[in-house]
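Only one chain is included here, represented as structure tokens and corresponding to the form predicted on its own.
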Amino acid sequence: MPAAGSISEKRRMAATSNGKTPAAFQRALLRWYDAQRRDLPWRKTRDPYRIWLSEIMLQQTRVAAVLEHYRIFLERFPSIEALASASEADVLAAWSGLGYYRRARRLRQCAQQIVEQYKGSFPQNSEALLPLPGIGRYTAAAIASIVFGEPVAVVDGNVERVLRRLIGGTLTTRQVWEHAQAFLDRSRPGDFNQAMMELGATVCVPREPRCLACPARKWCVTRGVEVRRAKPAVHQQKKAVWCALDWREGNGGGNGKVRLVQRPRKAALMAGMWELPQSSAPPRTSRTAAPWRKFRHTITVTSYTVHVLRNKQIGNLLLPDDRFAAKGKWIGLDRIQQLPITGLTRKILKASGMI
């Protein structure tokens, strides 16, 4: 396996011909994609609304986590007009559990702008898509190429990794996009873009790439080595929080209630979302048993250890944060799914069997 620093310019350019990917590479990748691609619902349509929704949901989120949310979201908002006319609370409720809630707010804003400005029809090229809320260079190119056949390349984390390994050497972000465009099969741009993403997601993975199964191995300079520019290390913070799972039993039929509080509408994170009462400080008394359960929960660069207290435990504790006091609202369990609740709250309520 060649060392990254020893890859010559001549060898790097051997992967291309006059700056363009050999047609044989394009054919090999598309044959592999046609035979091996995963069966995903957004690959069975060219509806711009559904393609756009999938691309927004997949940002910083695993495919496995998106599948069920994608189905439920489309059941609630089957068209861009339905999404545009929905309240923000309803959209956040359908998005709950996916995280990065700004995406959902921008999704609704974008739907409203398309309905108002374009009468519900998506602009048909990447340049016109780019100014819309929540649509960046990648998303605009993905929609334009997959739906409308525009010969414009996409670069996400998977594509970038494939290109860095395929070409070798250190590449700037600008060079990565330039190479992606040079490699593009202009006759099937949408399929080719998805093939590059699929290759990075399933074969050319970050650790232990499956090089023997790779359709691009004969053109690959590095054979699985990824040469990257150094990035500053991100240090994950660790914090602890205490949550109150306070509920009242109903009269049968799952119609009990749980106490929730709403985050401030101007909060930096998850504004307006509903959650279980929390305290960032530990109990000042030990007159209670250990917490009912502990959870690990990560938000951006912070890893939380979550101590969940239940009814009687809450009453025995002296906590400095008055959010544990009798505040918030009692919400019927049958209404929980219609509320925008935080991912942590959803996780705890599912573990308790309440939803």
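None of these values were measured; they are calculated from a predicted model. From 1 onward, residues are counted along the sequence shown.
Although not depicted, the form predicted in complex with the DNA is the subject of the following passage.
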property: Options 72 to 80, 213 to 221, 153 to 161, 112 to 120; stretch whose heavy atom lies within 4.5 Å of the DNA in the model of the complex; result: 153 to 161
property: Partner-contacting position among 198, 191, 275, 246 - heavy atom within 4.5 Å of the DNA in the model of the complex; result: 198
property: Partner-contacting position among 104, 180, 167, 132 - heavy atom within 4.5 Å of the DNA in the model of the complex; result: 132
property: The DNA contact at residue 206 in the model of the complex, heavy atom, 4.5 Å; result: yes
property: Contact flag, residue 50 vs the DNA in the model of the complex, heavy atom cut 4.5 Å; result: no
property: Contact of residue 58 with the DNA in the model of the complex (heavy atom, 4.5 Å); result: yes
property: Distance check, residue 136 to the DNA in the model of the complex, heavy atom within 4.5 Å; result: yes
property: Whether 28, 31 and 128 all lie within 4.5 angstroms of the DNA in the model of the complex by heavy atom; result: no
property: Contact set, 96 to 119 vs the DNA in the model of the complex - heavy atom within 4.5 angstroms; result: 97, 98, 99, 100, 101, 102, 106
